[in-house]
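Only one chain is shown below, in C-alpha cells, and it's the form predicted alone.
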Amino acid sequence: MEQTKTTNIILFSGDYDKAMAAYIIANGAAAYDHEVTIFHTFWGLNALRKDNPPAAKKNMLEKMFAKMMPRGADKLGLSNMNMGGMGPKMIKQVINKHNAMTLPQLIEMAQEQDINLVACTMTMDLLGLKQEELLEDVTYAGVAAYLADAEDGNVNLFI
C-alpha cells in the first residue's frame, strides 16, 4: 500500500513573488497527489486577507497594523524591484501578457484542490487580525499543528 506524500509550506513572506512561488509549488504538489498544507504566519497572512473585510473591533495598535499591512494577495509588494509600487504593476502586466495565473487565481486553485490553508492564530493575535478579515475556508491553528503535519512530511519548505 502506497503512503500518501505530503508537502508542507510555511509562508512567512508577504511579498507577491514569494507568495506566488509558494502557491505554484503547492498547486503543483497537489496535482501530483500530495496532501498539501500552507501555514501562513506573520506577513504571509496578508495573502489570506480579504480586499474589503467587514469592520472588526480593534484597539489602536491593531488598527495601525491593519492600515499598514496590504489587504489581500493582489496588493502585496515585490521582494525586489518594488519601486514604490511600480514593480507589482509591471509583473502583473508580464503575467497577463503570458496568460499566467495571478496570485489570487493561484489561491483560488489551491482552495479548489483542497490544499489546507492555515492561518497562524498566534500571529493573528499579535497583529490584531480577526477571522472575519480572512478568506473563507481557512483553517486556524498554532505552530503545534504545523509541526505535527511537518514531522512526517515528505517536503517541508519555508518561504
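The first residue of the shown sequence is 1; numbering continues from there. Being a predicted model, the structure only gives us computed values, none of them experimental.
The protein also exists as the form predicted in complex with another copy of the chain; that form is not presented, and the subsequent description refers to it.
Visitor: Should A141 be counted as a contact of another copy of the chain in the predicted bound form, where contact means heavy atoms within 4.5 Å?
Guide: Heavy-atom contact with another copy of the chain at 4.5 Å: absent for A141.
Visitor: Decide whether E136 counts as a contact residue for another copy of the chain in the predicted bound form under a heavy atom distance cut-off of 4.5 Å.
Guide: Contact check for E136: no, nothing within 4.5 Å of another copy of the chain in the predicted bound form.
Visitor: At 4.5 Å between heavy atoms, is A56 in contact with another copy of the chain in the predicted bound form?
Guide: No, A56 is distant from the partner.
Visitor: I'd like to know if M69 sits close to another copy of the chain in the predicted bound form, meaning any non-hydrogen atom pair within 4.5 angstroms.
Guide: Yes, M69 lies within 4.5 Å of another copy of the chain in the predicted bound form.
Visitor: Go through 7-32 residue by residue and record those having a heavy atom within 4.5 Å of another copy of the chain in the predicted bound form; state none if no residue qualifies.
Guide: If the 4.5 Å heavy-atom criterion is applied to another copy of the chain in the predicted bound form, 7-32 yields I10, F12, D17, K18, M20, A21, I24, I25, G28, A29, Y32.
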